[in-house]
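Just the one chain here, the form predicted on its own, laid out as structure tokens.
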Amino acid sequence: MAQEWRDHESERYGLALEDFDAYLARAARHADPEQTPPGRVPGAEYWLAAQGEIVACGRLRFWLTPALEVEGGHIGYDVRPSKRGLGFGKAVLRLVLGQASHRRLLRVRLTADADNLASIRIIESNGGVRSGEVVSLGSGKLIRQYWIDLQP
């Protein structure tokens, strides 16, 4: 999956390609509030596998900063480029929502670029209720904001 992302001009998993043990160690540090780097929110990373290969990744932030409430939210996810449109985005979000509920979060924030119709469908199919739109300070793109209420 990491190589596929690199082939699509994204280095989001570059460290995994260069040093997988370091990638795993970084993920473990980020899951521990005492080891999370300054300025970052602790969170966990989850992988979804199908037929022996990783097809999607979901990340759960344990809480929000004011900036993350506007853009970024509690949960982010991505689907391997060659596996998009097969339901893996919906599945990984559903699984991460379960982890959020397990951590006793009652409500989670998600955001998506307004032109990312696939991500919007994934969020809405998992119970996302649109609560607003903002312009991203980073990209200048329009961002849709959602809340998902979780069962206790």
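As the structure is a prediction and not an experimental result, all values here were calculated from the model. Residue indices: 1-based, along the sequence shown.
Missing here is the form predicted together with a small molecule; even so, the following discussion is about that form.
Flag residue 36 as yes or no: does it have a non-hydrogen atom within 4.5 angstroms of any non-hydrogen atom of the small molecule in the model of the complex? Although the small molecule is absent here, residue 36 would stay clear of it in the model of the complex, with no heavy atoms inside 4.5 Å.
Residue 122 within 4.5 Å of the small molecule in the model of the complex, heavy atoms: Residue 122 belongs to the contact set for the small molecule.
Any chance residue 114 has a heavy atom within 4.5 Å of the small molecule in the model of the complex? Close contact is absent here: in the model of the complex, residue 114 is far from the small molecule, nothing within 4.5 Å, heavy atoms only.
Given that the small molecule is not shown alongside this chain, does residue 43 nevertheless sit within 4.5 Å of it in the model of the complex, heavy atom to heavy atom? The answer is no: residue 43 has no heavy atom within 4.5 Å of the small molecule.
With the small molecule left out of view, which of 26, 94, 83, 103 would have a heavy atom within 4.5 Å of it in the model of the complex? By the 4.5 Å criterion, the partner-contacting residue is 83.
Listed range touching the small molecule, judged in the model of the complex by heavy atoms within 4.5 Å, from 26 to 34, 95 to 103, 114 to 122, 62 to 70: This holds for exactly one stretch, 114 to 122.
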